[in-house]
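So this one's two forms of a single chain, laid out as structure tokens and tagged structure 1 and structure 2.
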Structure 1
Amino acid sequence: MILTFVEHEAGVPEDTTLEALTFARDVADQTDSAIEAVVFGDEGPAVADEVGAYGVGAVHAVSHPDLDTYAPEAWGESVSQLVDELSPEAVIAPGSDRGHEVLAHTAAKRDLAMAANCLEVEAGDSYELTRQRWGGTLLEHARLSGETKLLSAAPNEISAEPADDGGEAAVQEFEPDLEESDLRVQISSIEESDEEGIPLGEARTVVSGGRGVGSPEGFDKLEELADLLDAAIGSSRAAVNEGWRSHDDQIGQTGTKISPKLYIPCGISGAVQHMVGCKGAENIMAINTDPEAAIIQKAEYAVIGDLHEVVPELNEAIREETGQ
């Protein structure tokens, strides 16, 4: 059996969880195993309604009187106790903040190896797997061994697909045996963001600037373009390091990952760390003075020219066309 860690919002599984379930099904098919899921919170039945279609036969709904919010160590301990009870051959989590955090606790508690951000698995006594390094710019072929294989599925890489023979998932309650120390870390409060505008990670169109913008003021015309296109504005790490933009705007391996329909990088050369952040973009339209720039090689559309000349004229043309 393969146990999958489900993240959900009010009973609706996150996209990365559906991807992880699809990934888990591939592994399960290879070893002729069943898929079951572990869910925290009171929404076990609601989650079961959703994940049955992905081939999950049973949902283990974890509840405990002292467990009413996210508590990474307690969750990791609970998963570990489920492993004792169910002896799954593998535990698979989405490659998210919580997925990695919970799985790492389980791994440490059981002294098991763990492989993060996997793309493919060839399951046997040990797992021959492909995983992401450098945020996905490099692939690693690795061997994962241990009594229970612990792995996360790389987010936004596997397309989530329901099973051909999906059905209903049964719900089984599970109450872990938790000590006070397991609960020492948990969410104490949640703060709402006061940021205005479209969040970068969710925007349908993104305009961004890099070293080629040249100054903080240089971003004014890009802001204008973003306004005209109802787009979010981003930047490269270089522009953040120069102090022109805040880190919240940074697109890349150590910044925000975007997946818009159109991405318009201006004056960005396209270092691998930046490309990792925008590989989810459907279309890239690069504006750059250097026809040899890496970003041009990876773009669908390219404009060879100085953004300081191109963007103001473009803004004018959009204003004329849309009457803004």
Structure 2
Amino acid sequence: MILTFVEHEAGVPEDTTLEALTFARDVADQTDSAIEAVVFGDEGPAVADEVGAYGVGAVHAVSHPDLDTYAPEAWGESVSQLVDELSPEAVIAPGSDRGHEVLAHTAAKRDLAMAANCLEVEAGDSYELTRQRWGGTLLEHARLSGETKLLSAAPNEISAEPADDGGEAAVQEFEPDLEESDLRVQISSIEESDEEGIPLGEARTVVSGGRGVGSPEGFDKLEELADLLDAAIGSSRAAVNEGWRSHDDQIGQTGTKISPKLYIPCGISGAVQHMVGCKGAENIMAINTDPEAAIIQKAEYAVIGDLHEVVPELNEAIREETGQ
């Protein structure tokens, strides 16, 4: 059996979870195994219908009076105890911050190896893996051994596809035996961001600016373009370091990773750290004065020119075309 850790928001599985389930189904097919899932939270059982469509036969809903909020060690201990009970062939998590953290705690508690950000698996007595390293700039071929294999699916790299024979998933309650030490770290409160508009990581179109924008006011025309395209606005690390934008807007290895259908970087050179954040974009249309800039070499479309001249003209052309 393949056990998959399910992340959800109010009972709706995250996109990275659906990718992990698709990845898990490939491993299950190779090992002739069933797929089951583990989920936390009072609203967790509500995921059953949707994950069932991805081939999950049973959902193990973790129930405990002290697990109302996220507690990484306790979640890792709960998964470890579930492994004792179910003896799965592998535990697979989405390649998210939380997925990695829970899996890492599980690995530490069971003294097992963990492989993160996997793209492909050839299952056998040991697993032959292809996985991302260095933010996706390097592909590593590795071997993973252990009584239970622990691995995560690289985010935004695997197309989420429902199973041909998906059905209903049964919900089974699981209550772990936790100690006070497992609950040393917990989320005490959650504050909603006051940022308005489309979340950067979910946007289908993203407009961003870098050092070439020149000032905080220089982003005004970029925000106008984003409004016209119903897009999110982002920035490079250089713009954040200058104090022109908040860190919430940063795209890159130490910022948000995006996977839009269209990405429009303006005045961004294309350093490796930035490209790690936008490599999931289907199309890049770069605006830059330097035809040799690294981001131009990665772009499907390029406009060689001053963004302060190009973007206003682009905004006007969109208005004329759309009547906005």
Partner chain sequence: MDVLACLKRVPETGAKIVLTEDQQDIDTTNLGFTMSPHEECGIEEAVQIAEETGGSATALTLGGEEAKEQVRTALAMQADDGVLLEKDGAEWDPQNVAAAIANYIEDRMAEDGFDLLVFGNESADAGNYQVGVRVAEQLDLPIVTSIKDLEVNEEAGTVTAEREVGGGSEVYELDLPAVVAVKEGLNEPRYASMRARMRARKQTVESVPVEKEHEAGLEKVRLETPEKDEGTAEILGEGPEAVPEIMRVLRELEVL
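Throughout, rigid core stands for the largest set of C-alpha atoms superposing within 1.5 Å between the two forms. Computed from a predicted structure; not experimentally measured. Residue positions are counted from 1 along structure 1's sequence.
- Source of structure 2: the form predicted alone.
- Residue 289: CA moves 2 Å or more between structure 1 and structure 2 after rigid-core fitting.
- Superposition of the core reveals a Cα shift of less than 2 Å for residue 117 between structure 1 and structure 2.
- Annotation: Cα of residue 145 displaced by less than 2 Å between structure 1 and structure 2, core superposition.
- For residue 315, the displacement of the CA atom between structure 1 and structure 2, after superposition on the rigid core, amounts to 5.8 Å.
- Comparison between structure 1 and structure 2 places the CA of residue 259 2.4 angstrom away from its other position, after core fitting.
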